[in-house]
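The chain below stands alone and is given as structure tokens, in the form predicted alone.
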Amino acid sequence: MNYRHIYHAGNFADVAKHVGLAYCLDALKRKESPFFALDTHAGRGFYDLQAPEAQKTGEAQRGVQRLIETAFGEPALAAYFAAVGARRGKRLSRYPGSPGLIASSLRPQDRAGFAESMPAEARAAQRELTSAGRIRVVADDGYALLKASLPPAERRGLVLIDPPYESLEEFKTLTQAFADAYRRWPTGIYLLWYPIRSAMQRGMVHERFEALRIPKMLYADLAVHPDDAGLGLAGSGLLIVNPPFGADLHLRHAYQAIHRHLAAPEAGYVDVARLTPER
């Protein structure tokens, strides 16, 4: 595994993913009862946007930093900006990965587990994550932690599965692990991230998720480049199972705002819809 998220932290795909994650975390906190959150591919927790790796790609500058400069007044992005600690007119020096967002959202009664297969990244998460709730970071395979952790004692919560997709078999592994997890905990909120590289690949992803015949699936796809131009990552998608009330409308408005400010001229799209209905 050679993937290092520092090169991509704060890019448009991170923004899209974290908009959905922040909404689901806020929804869980509407009730006082405790919840459990699990991140299977956690990374290091926080990323230095001034680091040479981040500066080399410039992806944060074209992503979250541009949104702070041009879209801070967008109501649909207000909760996201608050979650990542953005301030009007100020550049972000550090960007919170999913573990940072989850840990900062926990209340004393809540709990979270994070898996990261790269030991150095796991150690960084252990050092940097602080939370009012209880957290556990393991340097291990995320799918193994997923299998060991569900169903949680809290009976409420979410699972984020966000692999780097370095292997051609990754999507197959993800869908199998998710299907098994859902059988054991069908009431949890699941967020599954996937890249969009072409229209054909996007359609295949939707078809394979739909074939699982699991109800209450919402997909939210955002492309900022033409998805058949061969540019690599044209967009990103987020599948949410058991989405909280209002997620459809919130993601549609938030993604439309992101698209307006980040997409190439007359390129890309926003598509938010139910993949499967309620049973």
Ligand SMILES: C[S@@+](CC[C@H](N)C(=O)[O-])C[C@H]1O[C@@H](n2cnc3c(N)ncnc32)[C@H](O)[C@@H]1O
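Start at 1 and count along the sequence shown; that's the residue number. Owing to the predicted nature of the structure, the values given are computational and were not obtained by experimental measurement.
There is also a form predicted together with this ligand; it is not shown, and the following applies to it.
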(request) Would you check whether this ligand, in the predicted complex, lies within 4.5 angstroms of a non-hydrogen atom from each of Asp26, Ser105 and Asp110? (result) no
(request) Answer with one of Leu129, Ile189, Ala115, Leu77: the residue that has a non-hydrogen atom within 4.5 Å of this ligand in the predicted complex. (result) Ala115
(request) Using a 4.5 Å heavy atom cut-off, state whether Ala42 contacts this ligand in the predicted complex. (result) yes
(request) Verify the contact flag for Asp140: yes if a non-hydrogen atom of it lies within 4.5 Å of a non-hydrogen atom of this ligand in the predicted complex, no if not. (result) yes
(request) Flag Leu160 as yes or no: does it have a non-hydrogen atom within 4.5 angstroms of any non-hydrogen atom of this ligand in the predicted complex? (result) yes
(request) State yes or no: in the predicted complex, is some non-hydrogen atom of Tyr47 no more than 4.5 angstroms from a non-hydrogen atom of this ligand? (result) yes
(message) Only one of 162 to 170, 177 to 185, 200 to 208, 80 to 88 has heavy atoms within 4.5 Å of this ligand in the predicted complex; I'd like to know which.
(response) 162 to 170
(request) Would you mind checking 253 to 279 for residues with a heavy atom within 4.5 Å of this ligand in the predicted complex? (result) none
